[in-house]
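Just the one chain here, the form predicted on its own, laid out as structure tokens.
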Amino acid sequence: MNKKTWPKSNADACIRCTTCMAVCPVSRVTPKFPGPKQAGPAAARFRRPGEPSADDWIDLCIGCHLCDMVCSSGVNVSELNLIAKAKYLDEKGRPFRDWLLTHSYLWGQLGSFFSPLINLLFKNPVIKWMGEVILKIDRRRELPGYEFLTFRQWFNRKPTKGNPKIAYFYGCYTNTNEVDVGKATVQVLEANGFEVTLPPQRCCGIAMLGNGDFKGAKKMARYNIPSLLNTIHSGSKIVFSSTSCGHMIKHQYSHLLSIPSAEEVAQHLFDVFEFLRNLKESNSLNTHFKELSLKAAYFTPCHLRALGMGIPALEILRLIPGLQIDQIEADCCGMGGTFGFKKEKYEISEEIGKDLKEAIDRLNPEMILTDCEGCRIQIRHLTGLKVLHPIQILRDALQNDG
């Protein structure tokens, strides 16, 4: 990041009310992180592009955006923290471990093809020990397994049906690690009379941005935006099932990365449940649901809250007869994308997640539903419960109309 590309700062708008400090999940559990006010607005004036950075603690920001949501002055605190993180890591250098975690899309196809072998290796205690010693990936954290046949391969083999068209940004994790989330999204949209298309797409870049790699994130954005823009100009709206991908494209591409035409794309990009809620409001939603006798609990991901669209998944799921669903009253799960995999941050991730686990224990559900893949990883790890994307339950509840 040089002086020409240094983003404008609104740090002086901070009134030092410390509300952001009260909600920060990281500073709440460790004294190593002084909090979002200190990391962002308070330190911004000392953080000039050409001068050395002293922010050795800035890498502990988990990127939950809770500070942005409570700021009464409208300061983009999380963006200031990301800028600081990028500057600090540009000077310090990024470990190879972080490059591996943020570039998993490069070997996703390979991981899918050799998934039986790779998944066994991921569970091997010796391999996990080596990963901790060499790469500093905590061995207590289970690495996500790959699935044979990617989502895109499955999609290309199925017949198309329906009209009008709706485009789907599925994301790299759905493509190789949680294929059924993509399948369920397609099946629900088809059940509502749409033909699903998959525009050319690459990783959204959120993992890179979260690790301070602005250059890598911009590279992904500069590929995705023209492709998505062509899709929009062809007359199609676009939906996403990952709230992290959605937040990255709708918010960070324009606000932080300043990608041309990103605002236009954002106006035509919808969370899949936001899109279904719009259908409901126009009396176009397929509500031929069968009864599901299930006690579930729903957790709202941080990135969904930051998008400011309410909780559309909960609104739609409550239409399913027999489904008892409670909202989990907890904030950040503590996973933070790649944050929770790192040896030096694992304990912080676990400590943040304690409130969430206790809230789940009080509800005693059979299953947890949440829209974010990182949250699903963390909740499975914390509770041992079955955790699904809410679109999978909606798919299961739809009657087969033939």
Partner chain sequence: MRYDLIIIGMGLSGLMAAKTAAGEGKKVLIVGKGMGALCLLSNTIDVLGQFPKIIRMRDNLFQWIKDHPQHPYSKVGLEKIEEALNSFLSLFPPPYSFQTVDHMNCLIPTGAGTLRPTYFIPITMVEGTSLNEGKALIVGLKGFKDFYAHYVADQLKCRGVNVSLSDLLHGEITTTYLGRLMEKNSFIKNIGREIKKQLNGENLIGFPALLGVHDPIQVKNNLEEIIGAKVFEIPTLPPSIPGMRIFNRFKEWLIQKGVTFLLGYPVSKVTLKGKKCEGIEVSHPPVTTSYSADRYILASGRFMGGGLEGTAEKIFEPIFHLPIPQPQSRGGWFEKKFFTVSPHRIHRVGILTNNAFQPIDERGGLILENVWVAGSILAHHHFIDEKSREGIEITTGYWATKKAME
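Bear in mind the structure is a predicted one, so any value in this text is a computation, not a measurement. Positions refer to the first chain, counted from 1.
The discussion below concerns the form predicted together with its partner chain, not included here.
- Among heavy atoms of T370, none comes within 4.5 Å of its partner chain in the predicted complex.
- By the criterion of a heavy atom within 4.5 Å, L385 is excluded from the residues contacting its partner chain in the predicted complex.
- Put simply, H251 is close to its partner chain in the predicted complex: some heavy atom of it is within 4.5 Å.
- Taking non-hydrogen atoms only, D355 approaches its partner chain to within 4.5 angstroms in the predicted complex.
- Residue A266 is the only one of A266, I232, L89, L100 with a heavy atom lying within 4.5 Å of its partner chain in the predicted complex.
- Note on contacts: among E291, E315, E142, E195, the single residue with a heavy atom within 4.5 Å of its partner chain in the predicted complex is E315.
- Using a 4.5 Å cut-off to its partner chain in the predicted complex, not one of R152, N163 and Q392 places a heavy atom inside that distance.
- The stretch that touches its partner chain in the predicted complex, counting heavy atoms within 4.5 Å, is 299 to 307, out of 179 to 187, 299 to 307, 202 to 210, 132 to 140.
- In the predicted complex, R277, N278, E281 are the residues of 268 to 284 with at least one heavy atom within 4.5 Å of its partner chain, listed from first to last.
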